[in-house]
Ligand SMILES: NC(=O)c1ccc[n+]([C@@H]2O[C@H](COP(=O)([O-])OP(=O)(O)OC[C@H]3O[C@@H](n4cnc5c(N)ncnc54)[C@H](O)[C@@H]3O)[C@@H](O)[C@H]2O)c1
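Before any questions on how it binds or moves, here is one chain, the form predicted alone, in structure tokens.
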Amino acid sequence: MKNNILITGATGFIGSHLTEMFVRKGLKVVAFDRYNINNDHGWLNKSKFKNKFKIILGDIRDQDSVIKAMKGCDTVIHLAALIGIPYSYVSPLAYVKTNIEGTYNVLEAAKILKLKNIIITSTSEIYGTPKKLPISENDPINCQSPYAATKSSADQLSLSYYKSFNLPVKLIRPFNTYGPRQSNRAIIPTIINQCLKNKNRKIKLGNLNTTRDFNYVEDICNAFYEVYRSKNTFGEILNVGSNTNISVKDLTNKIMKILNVKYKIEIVKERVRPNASEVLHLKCNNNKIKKLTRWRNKTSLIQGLIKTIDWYKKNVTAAGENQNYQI
């Protein structure tokens, strides 16, 4: 059916926002995510749009379930992935199977079913610590974690399908995303929740000097939508970011200022990545996506933080630690 869109990883942080946004745009969405015995639909459990999209649970590592979910669709937006960097040190093979083999299953199913629009989700982590800022799509890849290596491999596999089989692939590479529903293990929810629950007036963090290009989830979803509707982006890699960055230390101080609290920041060993694996700085050159699509980043960091903090105040225990599978 025309305009049927399969979104993999749809019950997770970005995926759930994306599912709801595409439904609001009047498109037919099939939400695909990992099978579980509780029939849990993650962040889509209580969605006000639940009667307007179809949910299929399966396994991105199983080609049969991917093909079955994709039948009747003309577009796939692939977000399903293992994304926790620390766990990629523990079980690299799990990331190979999910991030590389899972992407292969999506590409092969799309080829068999002759889909017209395949959007693959990359990550800015694959650039590693860059030699210069901001980072463009032509800058070198420098994977510093097993997670980044598997995502880069999935990118190259996707582009090879575009070149070898003329598969209509587009590759979107978001920089750091934040907003409502994000897992507590991400840096912004970590800071917010420690501020909200703080009893000992200390915030425990890792490296305070790393800098990141943070983007509100609504802006990232709008980028997916603009890439989806673009006819100029087949075979292209598109960075998505704000062309700004901020250190973890300054970010923490901004959040404390919004919340009108002042706590001591304590560096704890468990939160510090191995030296050679730590990506020190990220900042996006977003000229390409702005040239090829109508996308613009509309939410300032302060605006996004206020919206996110308001959500966590109401849902302080909601963003659990079991969101490792979805992006």
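All values derive from a computational prediction rather than experimental measurement. We number the residues from 1 along the sequence you see.
Another form, the form predicted together with the ligand, is not on view; read the next lines as being about it.
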- request: May I ask you to state whether Tyr147 is within 4.5 Å of the ligand in the predicted bound form, using heavy atom distances?
  value: yes
Touches the ligand in the predicted bound form: Ile60 (any heavy atom, 4.5 Å): yes
message: Quick check on Gln194: any heavy atom within 4.5 Å of the ligand in the predicted bound form?
response: no
- request: Answer with yes or no whether Arg34 is in contact with the ligand in the predicted bound form, where contact means some heavy atom within 4.5 Å.
  value: yes
- prompt: Of these, 137-145, 162-170, 194-202, 175-183, which stretch puts a heavy atom within 4.5 angstroms of the ligand in the predicted bound form?
  reply: 175-183
Selected contact from Ala81, Ala223, Ile188, Ile126, since only one has a non-hydrogen atom within 4.5 angstroms of the ligand in the predicted bound form: Ala81
- prompt: Among Thr98, Ser242, Ser230, Ser152, which has any heavy atom within 4.5 Å of the ligand in the predicted bound form?
  reply: Thr98
field: Stretch 110-128 - residues with a heavy atom within 4.5 Å of the ligand in the predicted bound form
entry: Thr121, Ser122, Thr123
